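Presented as structure tokens, the chain that follows is alone, the form predicted alone.
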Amino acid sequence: MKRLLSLVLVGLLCVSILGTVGIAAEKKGKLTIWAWDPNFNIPVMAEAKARYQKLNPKVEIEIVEMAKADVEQRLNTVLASGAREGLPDIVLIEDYNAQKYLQAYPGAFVDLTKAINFKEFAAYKTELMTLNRKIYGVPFDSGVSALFYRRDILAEAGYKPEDLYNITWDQLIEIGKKVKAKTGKALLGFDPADGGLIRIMMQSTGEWYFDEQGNPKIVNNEAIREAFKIYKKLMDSGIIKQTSGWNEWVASFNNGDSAAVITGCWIIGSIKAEKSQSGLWGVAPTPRLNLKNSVNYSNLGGSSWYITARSRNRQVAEDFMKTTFAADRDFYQKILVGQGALGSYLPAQDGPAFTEPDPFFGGQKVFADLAAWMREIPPVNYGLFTYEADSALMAVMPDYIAGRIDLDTALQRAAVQLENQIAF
């Protein structure tokens, strides 16, 4: 009898445990997600939604597409008002603006330090979403930069792919002069008003516009000084095709007017848009500055996902992000092939989509190379006012390039303008 009673109790215990597991595993509720870009972020999130709902059919997920500026404006408006309603559960935030939100609105986003294994993400992405040793976002796409170049044009000038590896900007300029002399082609299409290259050059040194306390660091910033010198050398060298705006810039390499482009890996889709150039492109690491702390790895752009602290379904939101962006290796293969999204989740990077040779790039394993370079990007805290600093520096750049002012004067003027812009 005792034996029978024991068996009954064990059976009831097993049923109880299984029932508890079943209840714990069953997720319910609705998630609202804000993001921009119908060709990139939106389909990526739609893929994550489909995968999660397959496992959790009772969870409703609404993806709200807006322009990037509208996402930022609505997010700022609601957070500044202190309203309890009107926020999404998950929102996409550009990496350059992350610290601005985290510091301006303390407690607005969920601390995910213990919820996500951040050691599995690229270190530089984790750094930018960290405040007071707490990590608030889930890293998404990398903007790992590279030198994308036309193999055929460089070969005509006498260069092999290995000649472009681990070079300095000064060496690149000399290569550009030879390319121009041999082929008549400009090396780079370049908008002198765009501060993107400044950011690439700075991050290659692990420096930024601000010091560790968040104070502007312009005049005595060796990375900025060296970057300004390179800008002027590029413009004085005769190897640049000047462009204005996105369309002209892309057209400069799509039309074959320029032989290379240096920017974030997200440009691959635009390069491949000119299908007639398949097989003619290659990729090399980013040039470095003439500074001891500069490396041939850097970044431009990128965004990450944040869970708002006022989410009614916070636990579901955390589980969604943990299950997809922080665990699903196959998911990262799918979005790499489908949208060209190079995620910063390291365990996914030994998958087939990363290691396949790319015919467009002459059989080079482009994403394997980019993923390897991504791991070496120096971490940088972007601070609160990256775009304000960009604006101040590029405002003085034309006079500096034209020789109307010297470097010290240019940086002093930029520093004053930045101080005025961010003064409270």
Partner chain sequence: MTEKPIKMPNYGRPRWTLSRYHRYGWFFISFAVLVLALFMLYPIISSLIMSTYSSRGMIQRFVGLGNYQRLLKDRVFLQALKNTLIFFIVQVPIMLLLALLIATLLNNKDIKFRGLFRTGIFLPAVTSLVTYSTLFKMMFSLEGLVNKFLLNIKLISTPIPWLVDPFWAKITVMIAMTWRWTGYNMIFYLSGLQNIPDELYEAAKIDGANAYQQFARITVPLLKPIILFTAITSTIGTLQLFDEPTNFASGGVTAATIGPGNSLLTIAVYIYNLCFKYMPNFGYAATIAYVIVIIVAILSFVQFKLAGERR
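Numbering follows the first chain given and starts at 1. Computed from a prediction, not measured in an experiment: that's the story for all the values here.
Absent from the display: the form predicted in complex with the partner chain. The rest refers to it.
- Proximity to the partner chain in the predicted complex, taken as a non-hydrogen atom within 4.5 angstroms, holds for one residue of 155, 104, 309, 327, which is 104.
- The single contact residue among 189, 216, 351, 196, judged by any heavy atom lying within 4.5 Å of the partner chain in the predicted complex, is 196.
- Of the candidate stretches 370-378, 66-74, 354-362, 50-58, only 66-74 has residues whose heavy atoms lie within 4.5 Å of the partner chain in the predicted complex.
- With a 4.5 Å cutoff on heavy atoms, residue 165 does not count as touching the partner chain in the predicted complex; it lies far away.
- With a 4.5 Å cutoff on heavy atoms, residue 208 does not count as touching the partner chain in the predicted complex; it lies far away.
- At a distance threshold of 4.5 angstroms between non-hydrogen atoms, residue 338 is out of contact with the partner chain in the predicted complex.
- With a 4.5 Å cutoff on heavy atoms, residue 79 counts as touching the partner chain in the predicted complex.
- Contacts with the partner chain in the predicted complex, taken as any heavy atom within 4.5 Å, map within 384-402 to 384, 385, 387, 388, 390, 391, 394, 395, 398.
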